[in-house]
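Consider the single chain below, provided in structure tokens and representing the form predicted alone.
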């Protein structure tokens, strides 16, 4: 098993790079064959990645969440998987090149520096903790994809106002479609973050009997959840559209990043396991 893990550690960045190349070539040339089949490249890459993550979990007897290099490979998978869900839900495939690039970067970083860790703190072997962390990363990946589509919306909006009708105008979906992709990605992220929070609160009392609800990371995750939840309700009730939705997505993403940054850097937490 260990040899298989090491081989897959080399194969995965190659697969992600190849998938990115297919999406990039289709974006530049718009070949019908690639446009219809490129999702299959991403599907195969994700299936191999799932096997890799399961193999590491079984071989080392802990979910791959024990350090930043293991987190990087989870992030690579999370971004690719969240985008794959977005394609399935919307049928729109024109923005994958801008998303999968993040998976390539994170998987390369992971593959270069990841280590085989057998001895870890006992808490890190808990499967519920693994599900909690992975679903949270999937949620934040959804928010990231939403923000990327928001930036693409603003770029295309600016090009249209300046009457620049180049590759971006010809290949990107319409402004309306980019808004839809941004919002659907946001909803995917919100649902997955909700699952993570539910798992976390159901597991916390048994794992940390003396934990505090005022823990910085609990507060930051709660704030992110509330901000995005309010945004989704306002969009649905007040019928927001266009730049209002996009600006909310981008502002929400920035606030989420700031919240996570300050809770990780400047505050102590029972979430610090290593």
Partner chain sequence: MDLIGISINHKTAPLELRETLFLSTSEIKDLIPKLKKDVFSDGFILSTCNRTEVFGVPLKGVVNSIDIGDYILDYKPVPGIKRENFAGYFACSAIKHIFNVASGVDSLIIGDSQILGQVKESFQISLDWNFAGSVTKRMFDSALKVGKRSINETGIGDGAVSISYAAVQVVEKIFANLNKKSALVIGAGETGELAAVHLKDKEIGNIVIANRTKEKAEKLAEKVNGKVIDFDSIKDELYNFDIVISATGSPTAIVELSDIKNMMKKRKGTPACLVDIAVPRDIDPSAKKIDNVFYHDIDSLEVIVDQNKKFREKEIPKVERIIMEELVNFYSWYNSLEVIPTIKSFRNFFEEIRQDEMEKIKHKIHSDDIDKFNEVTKRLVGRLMHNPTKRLRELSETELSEQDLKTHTLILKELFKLDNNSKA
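Residue numbers count along the first chain shown, from 1. Just so it is clear, the structure is predicted and the values come from calculations on it, not from any experiment.
Omitted here: the form predicted in complex with its partner chain. The next part is about that form.
Among the residues 194, 174, 90, 126, the one placing a heavy atom within 4.5 Å of its partner chain in the model of the complex is 174. Residue contact check for residue 109: none of its heavy atoms lie within 4.5 Å of its partner chain in the model of the complex. Of the heavy atoms in residue 105, none are within 4.5 Å of its partner chain in the model of the complex. Not displayed here, its partner chain is kept clear of residue 151 by more than 4.5 Å at the level of heavy atoms in the model of the complex. The closest non-hydrogen atom of residue 225 lies beyond 4.5 Å of its partner chain in the model of the complex. Exactly one of the stretches 77 to 85, 129 to 137, 196 to 204, 174 to 182 approaches its partner chain in the model of the complex with heavy atoms within 4.5 Å, and it is 174 to 182. Residues 241, 243 of 227 to 251 are found to place at least one heavy atom within 4.5 Å of its partner chain in the model of the complex.
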